[in-house]
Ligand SMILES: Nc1ncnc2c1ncn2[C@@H]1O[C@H](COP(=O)(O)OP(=O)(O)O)[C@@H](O)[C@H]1O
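Just one chain is shown here, as structure tokens, and it is the form predicted alone.
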């Protein structure tokens, strides 16, 4: 939790001013019992004073009580405002760094945390940290001052009665400590369950059309109910444990209050002294209850802080290696590449191929055969387990990420579009010229439908571009990939929603407008890759065929079967 709390350091001045105001407000509150005792014992019970003198001194001490109450009130109000301000800014900085760190996590690190967990840490966990800091600064300073100050003043007034007060404090402290110690692991479990709820919510929101199409709304509601029920049960267990602290603390202090009255009566203490100690007891009682509430918040906040720090502690620094160079004649080259996502079973086995600039590589195969894995490794989203991957004769591990990625223009099957204008989606913050954007739109066969939109390039897309069809979305994604004139164009099953005519026109435009760029086309249908200079046929991570369309028809039975299935015996598309 140390790293998280460092975020409050830049606002130390604001925090210090708030603590000073809190200190003076708390001290002013402690003088109220003393002033009350002086009014009762020193004025009302003083036979040496006449009625006018008693009235005058009562008004004086009463006025001082009002001043102390006003100082306590205003001090706490302004201190709380400063606390909210500093904790809010701290949370802003924490969320910013957490989001930034998340953006720089490599794919393996993201897989390790899981996207729902990262969302939960950025939202709910940062909120609990904010609550922990804000309440600790508001109550965690005031409560100890009231307890310590109250005990000190109590001992100056009556040592015997003060000992009764003192005896209650460690009992409450020990009770709260053991309850808190037991509850922290349960709050970790609560956050884990919350990750599961976020995951389930994310799946349902993303797949809402499929759920409706299959009439599985009630089925998903049942699954969600199971997840939320599990979360509620775990949260109930944690809160039930922490809820013991308040009643136990109150019980101990109330028992102490009874003992205090009994001891005061036995020692023949004055009425003013007994009332003074009752006030001290009330102040200390409220302070101890406030401390128990703080420990509840700290229990949850510390669990959340640990989860946040596990992300912040991730090493995202680039490691530029010095791997042997490849053949600079090739734009892309794979040499004996093997890779596994889980470290147990290989997803790719001994993949070898090479293409030059201007050539096209087609990759085809069944779902899960390793097509997208080749793309992930080529763009260095993951490191190979063995072998080497070269771009322009240089191992991808020798490139800084920014330099390597600028060589690529990629459109993925499940890519995203922002709730922004068409222009902003194609440009994506790269400050591209109108000429580049229009060229990419024309090549991606998106001109016709964009010109038909209200506002054209300035048309606002809905969230997830739900006001476009599937084919329109894919053409926009392809336009974004092409707009910066990349050296390597990657289309990862990104034309699956296009009709055959549009797909053919796209391939012709790519060959004409981006002739010097290497192209990697991942597809499920033969027509998208049949004109490629090299086609890889994958099956369960293995290359079972490599060559041109004509060569594969002769040498690869799996490729011929796909061709016959898709194109018919006569070789015609249908």
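Numbering follows the first chain given and starts at 1. Keep in mind that what you see is a predicted model, and the values were worked out from it rather than measured.
We do not show the form predicted together with the named molecule, though everything after this point is about it.
If you check in the model of the complex, is residue 204 within 4.5 Å of the named molecule, heavy atoms only?
-> No - in the model of the complex, heavy atoms of residue 204 and the named molecule never come within 4.5 Å of each other.
Would you please decide whether residue 228 lies within 4.5 angstroms of the named molecule in the model of the complex, comparing each non-hydrogen atom pair?
-> Residue 228: no contact with the named molecule in the model of the complex.
Determine whether any heavy atom of residue 367 comes within 4.5 Å of a heavy atom of the named molecule in the model of the complex, and answer yes or no.
-> Yes.
Does the 4.5 Å heavy atom contact test between residue 196 and the named molecule in the model of the complex come out positive?
-> No, residue 196 sits far enough from the named molecule in the model of the complex that none of its heavy atoms falls within 4.5 Å.
Listed range touching the named molecule, judged in the model of the complex by heavy atoms within 4.5 Å, from 439-447, 371-379, 160-168, 421-429 = Result for this chain: 371-379.
So in the model of the complex, are 341, 347 and 413 all sitting within 4.5 Å of the named molecule, heavy atoms only?
-> Yes, all three are in contact.
Sort through 111, 487, 93, 383 and report the residue having a heavy atom within 4.5 Å of the named molecule in the model of the complex.
-> For this set of options, the contacting one is 111.
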